[in-house]
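Consider the single chain below, provided in structure tokens and representing the form predicted on its own.
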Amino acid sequence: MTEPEIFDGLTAILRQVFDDPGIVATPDLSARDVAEWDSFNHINIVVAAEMRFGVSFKSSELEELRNVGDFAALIQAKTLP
């Protein structure tokens, strides 16, 4: 899966979770940038990403993430053949 495909997928997830058609997944975007990004919505994003990209995440992997760019890199690593 390519990086643009991952960011497109993450954009769709973020728009659905936050009900905001204007939000765009960018490498620097983080929970600090979105007022509604609380722990509940964080879980919704992770579950939606697991379903959309066909991957699963360990808690230790998620604890290392600082922003959407880190999340996209993790997804890309997990979807490599």
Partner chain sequence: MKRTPLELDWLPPHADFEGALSHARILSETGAAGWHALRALSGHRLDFLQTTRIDRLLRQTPPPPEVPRLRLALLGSFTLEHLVPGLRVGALRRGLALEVHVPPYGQWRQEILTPGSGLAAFAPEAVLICSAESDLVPSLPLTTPEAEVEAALDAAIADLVQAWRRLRATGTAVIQQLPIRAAAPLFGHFDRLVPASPGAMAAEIEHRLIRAARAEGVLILDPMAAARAEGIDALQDRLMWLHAKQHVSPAAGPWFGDQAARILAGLRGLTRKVLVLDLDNTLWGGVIGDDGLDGIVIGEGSARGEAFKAFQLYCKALRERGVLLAVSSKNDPARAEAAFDHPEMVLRRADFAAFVANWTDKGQGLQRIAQELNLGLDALVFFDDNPAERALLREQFPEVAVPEVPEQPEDYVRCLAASGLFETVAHTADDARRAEQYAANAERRRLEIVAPDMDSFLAGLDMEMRIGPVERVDLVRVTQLINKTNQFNLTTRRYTEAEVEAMIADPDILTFCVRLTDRFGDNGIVCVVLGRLRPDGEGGRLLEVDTWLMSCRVLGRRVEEAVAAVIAGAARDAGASTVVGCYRPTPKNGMVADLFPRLGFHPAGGDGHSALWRLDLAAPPPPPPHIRLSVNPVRQ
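Residue numbers count along the first chain shown, from 1. Treat the numbers as computed from the prediction; the structure is a model and nothing was measured.
The same protein also has a form predicted together with its partner chain, omitted here; what follows describes it.
J.: What I'd like checked is whether 24, 26 and 34 together line its partner chain in the predicted complex, meaning each has a non-hydrogen atom within 4.5 Å of it.
T.: So, no: the whole triplet misses its partner chain.
J.: Decide whether residue 44 counts as a contact residue for its partner chain in the predicted complex under a heavy atom distance cut-off of 4.5 Å.
T.: Residue-level check for residue 44: yes, a contact with its partner chain.
J.: Classify residue 11 as contacting or not contacting its partner chain in the predicted complex by the rule of any non-hydrogen atom within 4.5 angstroms, answering yes or no.
T.: Close contact is absent here: in the predicted complex, residue 11 is far from its partner chain, nothing within 4.5 Å, heavy atoms only.
J.: When the contact criterion is heavy atoms within 4.5 Å, does residue 66 count as touching its partner chain in the predicted complex?
T.: No, residue 66 stays farther than 4.5 Å from its partner chain in the predicted complex.
J.: With a 4.5 Å heavy atom cut-off, would you call residue 62 a contact of its partner chain in the predicted complex?
T.: Taking the distances in the predicted complex, the answer for residue 62 is yes, it comes within 4.5 Å of its partner chain.
J.: Who in 14-30 is close to its partner chain in the predicted complex, meaning a heavy atom within 4.5 Å?
T.: If the 4.5 Å heavy-atom criterion is applied to its partner chain in the predicted complex, 14-30 yields 16, 17, 18, 19.
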